[in-house]
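Read the single chain below, which is given as structure tokens and is the form predicted alone.
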């Protein structure tokens, strides 16, 4: 009888482990990340499932705040977020990987205006105009332009006639292209990627200025995630650039690959955030 009970315990423990391992890994993205390329993200999901031998779900939320909230509730395991979103939630999250673009894990902010605007030369020329932001937690689409105004001695809350959010970088370009906004800032990666598929939209805008490089928006994991799940997902992402199917997906994502994330890449953003809080 004792022998049978021992076997039953072993079986139950093994069953519990199998059940845990078969639960899906949940990966949060926003429309600003997906850029309406949902077929691509479905193919990426299948790729991750095959490499991890584990179900994977991409969870799309309207904004970065929702993704962070779900991660705090342990309803997301990973998320592709902005630099400010990571910095604000460093205690609850861990850096997993950083995308590599043009050979480096860096990106820039592009200030854009309608192509018909041939006079604007800087952000300061847009005083009293309508400006479009991406998301309150976005670096390129909120923090960076407001920080530049503070450095110039301007009040970002009073500088523009009107501002609004789109939560989607494609919609920022579209708003500027059709004249709903006189200017906006967008990720250089997003603008150049969009230019490949929708030159009809990007062609109606003009790049006025480019910011210094900053750490590419990272992929993070919740701090309470099992180390095994963290290591396996990181290994799959870092290995994509050496795998034919992974290379094909990276080309569609317009990325060179992924590399290990380094907190030092985001220190300049942290300094900017602190400066804005202290102003």
Partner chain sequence: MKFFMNLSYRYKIPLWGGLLILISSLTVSASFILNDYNQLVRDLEMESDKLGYSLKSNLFSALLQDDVWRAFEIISEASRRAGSNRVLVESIIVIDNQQRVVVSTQPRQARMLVALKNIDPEFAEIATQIKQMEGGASRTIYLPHSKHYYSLSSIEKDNTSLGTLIIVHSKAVFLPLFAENAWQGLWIGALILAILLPFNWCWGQRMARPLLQLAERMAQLGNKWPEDLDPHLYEYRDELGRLYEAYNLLLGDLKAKELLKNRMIQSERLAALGQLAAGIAHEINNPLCGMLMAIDTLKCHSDTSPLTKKTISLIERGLTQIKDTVAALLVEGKMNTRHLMIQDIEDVLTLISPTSGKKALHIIWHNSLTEEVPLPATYVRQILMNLLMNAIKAAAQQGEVACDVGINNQQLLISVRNDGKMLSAEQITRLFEPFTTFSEGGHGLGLWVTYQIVNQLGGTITVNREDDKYMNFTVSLPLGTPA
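Predicted model, so just to flag it, every value in this text is computed and none were measured. Numbering follows the first chain given and starts at 1.
Although it is not shown, the form predicted in complex with its partner chain is what the next lines describe.
Distance criterion of 4.5 Å from any heavy atom to its partner chain in the predicted bound form singles out 178 from the list 124, 196, 178, 151.
Among 158, 116, 94, 104, the residue placing a heavy atom within 4.5 Å of its partner chain in the predicted bound form is 116. Residues placing heavy atoms within 4.5 Å of its partner chain in the predicted bound form fall in a single listed stretch, namely 166-174, out of 166-174, 74-82, 143-151, 187-195. Mapping the unseen interface onto this chain, residue 135 falls outside it, with no heavy atom inside 4.5 Å of its partner chain in the predicted bound form. When its partner chain is considered in the predicted bound form, residue 87 lies well away from it, no heavy atom lying within 4.5 Å.
In the predicted bound form, residue 201 stays away from its partner chain, with no heavy atom inside 4.5 Å.
Proximity of residue 209 to its partner chain in the predicted bound form: non-hydrogen atoms within 4.5 Å are absent; the residue sits far from the partner. If you take 78-101 and check each residue for a heavy atom within 4.5 Å of its partner chain in the predicted bound form, you get nothing at all.
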